[in-house]
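Next up: a single chain in structure tokens, the form predicted on its own.
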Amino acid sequence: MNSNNTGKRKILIADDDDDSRVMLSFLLEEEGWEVKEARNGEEALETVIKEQPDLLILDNRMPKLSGVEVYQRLQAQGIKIAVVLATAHGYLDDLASSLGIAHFIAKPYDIPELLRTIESAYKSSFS
């Protein structure tokens, strides 16, 4: 997926935690991203289809659909998008590995690591 020639990279933050979304939105807008938000998995799926972001930050534990379910539904529909999987739970690397997601980050976020992970996921989406 890619942006609609606006010159800005578009990112979707899918997280049911309002504070986390607000903080990430502010941070990523400062980094030059056009930011969209989703409060649950169902909204995330709809927003990916409608907005076609370049990258998806996907919290795993969300209402309606988990991050894993969102990712699996995107894969089933043939939608290719760079994903950074996030969770506060300790099994993140095993979970990401089982899904074939190379980019993941634990909560609470280490901001410099988060920004490096996002840039790496974005760049790898072109290779």
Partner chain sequence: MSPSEIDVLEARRIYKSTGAIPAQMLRSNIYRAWERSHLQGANPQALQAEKLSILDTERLIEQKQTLIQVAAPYIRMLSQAAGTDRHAVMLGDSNAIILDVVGDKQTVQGPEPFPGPGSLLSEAVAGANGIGTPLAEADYMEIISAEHFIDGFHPFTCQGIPLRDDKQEIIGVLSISLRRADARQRLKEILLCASHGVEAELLIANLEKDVRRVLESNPNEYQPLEELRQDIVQANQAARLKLEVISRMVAGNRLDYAIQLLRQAEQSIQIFRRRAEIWRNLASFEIGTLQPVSLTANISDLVDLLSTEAAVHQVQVVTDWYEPITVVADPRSLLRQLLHYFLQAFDSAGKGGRVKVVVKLISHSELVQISFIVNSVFNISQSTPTFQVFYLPTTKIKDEQ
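Just so it is clear, the structure is predicted and the values come from calculations on it, not from any experiment. Positions refer to the first chain, counted from 1.
What comes next is about the form predicted in complex with its partner chain, which does not appear here.
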### Summary
Picking from Val68, Ala102, Leu27, Ile79, the single residue whose non-hydrogen atoms come within 4.5 angstroms of its partner chain in the model of the complex is Leu27
### Summary
its partner chain in the model of the complex has a heavy atom of only one listed residue within 4.5 Å, and of Leu74, Met62, Leu55, Ala38 that residue is Met62
### Query
Contact between Glu31 and its partner chain in the model of the complex at 4.5 Å, heavy atoms?
yes
### Query
Does any heavy atom of Lys50 come within 4.5 Å of a heavy atom of its partner chain in the model of the complex?
no
### Partner proximity in the model of the complex: Asp16 to its partner chain, non-hydrogen atom cutoff 4.5 Å
yes
### Message
in the model of the complex, does Lys107 come within 4.5 Å of its partner chain, counting heavy atoms only?
### Response
yes
### Message
With its partner chain taken in the model of the complex, which residues across 76 to 114 come within 4.5 angstroms through any non-hydrogen atom?
### Response
Ala88, His89, Gly90, Tyr91, Lys107, Pro108, Tyr109, Asp110, Ile111, Pro112
